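Two forms, one chain: they're shown below as structure tokens, one block per form, named structure 1 and structure 2.
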Structure 1
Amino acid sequence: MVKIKDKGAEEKILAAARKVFMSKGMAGARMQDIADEARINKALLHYYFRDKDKLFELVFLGEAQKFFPKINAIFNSDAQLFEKIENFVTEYIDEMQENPYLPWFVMNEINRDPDQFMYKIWGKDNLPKPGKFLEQIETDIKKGTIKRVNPVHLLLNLLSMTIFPFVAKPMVIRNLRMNDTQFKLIMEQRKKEIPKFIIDAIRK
């Protein structure tokens, strides 16, 4: 009988690790959990990935490094302010629908060791530069397109309204008596609701 090598063990492990790390965090995740989830022996983890730290870093950076630059690109694009806001919200929510634990995961790790984290996510070249977006807001104020608002607060509001519901998902679902489908729907709506809300708030 030919053994079905259903998927490279390496990939199976990475997928399992991703799942376990995401839902329990680095400290809470057990190597055995990951092995079980991947249905392989614990020793294989160490065969493919030297130790827990290495495995974690791989999973984590893999997730974050492919996502953050995308966001960065949007903020630094040449689009108009309103369009940029819409792009950000849409892109972010789409990504989160597929990877709903990422924001919590990021918050978790950023909290564990902020410096380490930031350094690893954004290599020197990929540092987040909110500067352009903030300046753009100021420019629009001068042009008279939008009200006099503090750019920092506007940015915080945008990020908050987009990201927070995912971070707080279990709480939101519970307190607003939703199920997963309804949550997904609500977030889908927010792609239009958030930009509308912001524009209503700042347009002259």
Structure 2
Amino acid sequence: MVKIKDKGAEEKILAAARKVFMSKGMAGARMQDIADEARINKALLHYYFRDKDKLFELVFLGEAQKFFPKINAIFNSDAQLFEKIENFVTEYIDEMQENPYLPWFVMNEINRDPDQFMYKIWGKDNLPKPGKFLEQIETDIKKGTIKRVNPVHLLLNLLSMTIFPFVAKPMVIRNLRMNDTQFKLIMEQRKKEIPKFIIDAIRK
């Protein structure tokens, strides 16, 4: 007789896996840790999910599917350019503080198969649309609100200044002799520092 998998049990395991991955990372987490957190035996865990890699993918794919549309919505909103810059930085840093291993998951998936990853996140007909944001930069240049800048470079600067510290977190913590609490404090400060730096650089 074939067992029918319980959706509630799957969700319980995914919640436990997320908690373990957040505290120990992919390398440090063990299937036994996840089973213990979910309060089930390891055999039952393997019945629902055969390996740790699959669990990690499911946990962080779910987080990415929730997060990236929020960024798309910011870029496509009717907000002013400076407000969009501030909103992007705040949203991104809040998400990375909540899900510190998400950048690594995204980088691995993009390097492995970028087209498949984009499809998993966005579907076939709902790809990210930065065009409105880039056009808004050009419009503000013509209005005289900001200096003449290359819109693509401005977008890349915004992305890299916000994303890099999280991707490079192990190196940053080690070289600057920080602990996790100090790193989180610095990232909170960057919610104001990054928009100020960019806006001051482009404002007329």
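Everything numeric here is computed off the predicted structure, so don't read it as measured data. Residue numbering: sequential along structure 1, first residue numbered 1. The term rigid core refers to the maximal set of C-alpha atoms that superpose within 1.5 Å between the two forms.
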Pick one: which is the form predicted in complex with the DNA?
1
Quick note, rigid-body hinge between structure 1 and structure 2 among 64, 108, 31, 163 located at 64
Whole degrees only: how far is the smaller rigid part turned between structure 1 and structure 2?
33
What is the magnitude, in angstrom, of the C-alpha shift at residue 56 between structure 1 and structure 2 when the rigid core serves as the superposition reference?
5.7
